[in-house]
Every structure is written in structure tokens, then in C-alpha cells.
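Take a look at this one chain, the form predicted on its own, written out in C-alpha cells.
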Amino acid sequence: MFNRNYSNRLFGRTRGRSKKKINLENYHKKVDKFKFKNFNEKSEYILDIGTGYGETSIFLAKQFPDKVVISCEKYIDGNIILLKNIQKNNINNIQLHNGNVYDVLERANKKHFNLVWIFFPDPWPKNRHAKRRLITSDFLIKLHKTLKKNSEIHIATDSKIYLRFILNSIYNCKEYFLWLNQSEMNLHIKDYHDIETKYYKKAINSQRKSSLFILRKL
């Protein structure tokens, strides 16, 4: 039987459901101005995976002005909003990767990242799509190799199915990470970060609890 390798593939839409036309040539020109090309030995990095509409990247860039935030997102509509907010806020420490996070990780020939954020990754709730989920123990171990000492991974989800999947992934690589907020009674995002993304608000409106996992590299 043919064994599909899901690890380096992209799934889901690159455009929203809006019928508004986008000049892709102009879009790529704008992205190129902020495009992540390679690591600079003199810089310290934060990796923001699946940034959606870019709220997390803007937040991180303001919180850590001395770090370079790599905003990794294939969603064109979201990147357009992010580019507008970069210019609106005069931010100069965000670099965009309009594609698969594995492209970035493959260029990491040493421990580059001080922090990794993965907020509201696609849960792919159907069983037949489970292999498409980004957060697995193998992926966490791959991230571990690129993290500096005592660096952290912050993962947020509002999906009960993905929550269990993440818990299992953390357990399977417990020798690599310390789960910092494991003993907390409440894992709510707002207990840790003063940020509200579009997907966070959608979860609140749908009365879904958003949970946050904080892992520190061992």
C-alpha cells in the first residue's frame, strides 16, 4: 500500500472565501520586502507558526523588539493584513515565510529559536485527516533541535479533539520538554497573554474554551 508522507506537506486553503480579487504579482512583491531568506548568526529568533491574520506576530514583535519574528503562514489573505499592520505600526523585526514551516526548520543548522508560538493550528477533526495535524511528538522533537537552552514552545487550541492529541504528543516526548503549566487548574490563554486573535474570538463566541500549553526545553 502507498504510504503517504504528510510531514512536509501543506493542507487547507491559501485564500479566504471572499471573492475579492488579489493581484498576486503585487502580493509577492510586498512579501519579498519582508521575506525570510536565511538565518543571521548575529540575530535571535522567535518562530510564529500558522499566524492566521498576523495578530500573534505583531504582538511578539512588540513584546520582543530585540528579536526577529519569523511569521510562517501560507494564508494569503492573512498575510496581506499582516503586511498592512507591519507598515501601520512601523515594525521592522518581522520576516515572513509564505509557506511550510518545514522549509524554515530545514535551514536551521543550529539552535536558533528563543521562543516558538503555535496558536490555533488547524485541528483536522476528522479521523481520516488526523495525519495532517502539525503537532505530533515527532514535530516537537524536530523543534527541540532548533531551540536554544531554556527556550519555550507555546501551543494554543480550542479543539477538544486536538487537545487530547497534543496531550498524547507531549507525553510521548516528555524527556525533551518540561510542561511548565501542567499543574495549573486553568490553562486559559488570557491567564498568560494579553492577546485576542480572530480565532480566539471565534472560540469565545462559540463558547469553546481555549487552552494554552507551555513547554520548556530540557
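Quick caveat, the model's predicted, so the values are computed rather than measured. Numbers for residues come from their place in the sequence shown, where the first is 1.
The same protein has a further form, the form predicted in complex with a small molecule, not shown here; the description that follows concerns it.
- Mapping the unseen interface onto this chain, Ile135 falls outside it, with no heavy atom inside 4.5 Å of the small molecule in the model of the complex.
- The small molecule in the model of the complex is not approached by Leu140, whose heavy atoms all lie more than 4.5 angstroms from it.
- At the 4.5 Å threshold, heavy atoms of Cys72 reach the small molecule in the model of the complex.
- A residue is said to contact a partner when one of its heavy atoms sits within 4.5 Å of a partner heavy atom; Gly99 meets this definition for the small molecule in the model of the complex.
- Here the chain stands alone, but in the model of the complex its contact with the small molecule, taken as any heavy atom within 4.5 Å, falls in 50 to 58 among 50 to 58, 32 to 40, 146 to 154, 173 to 181.
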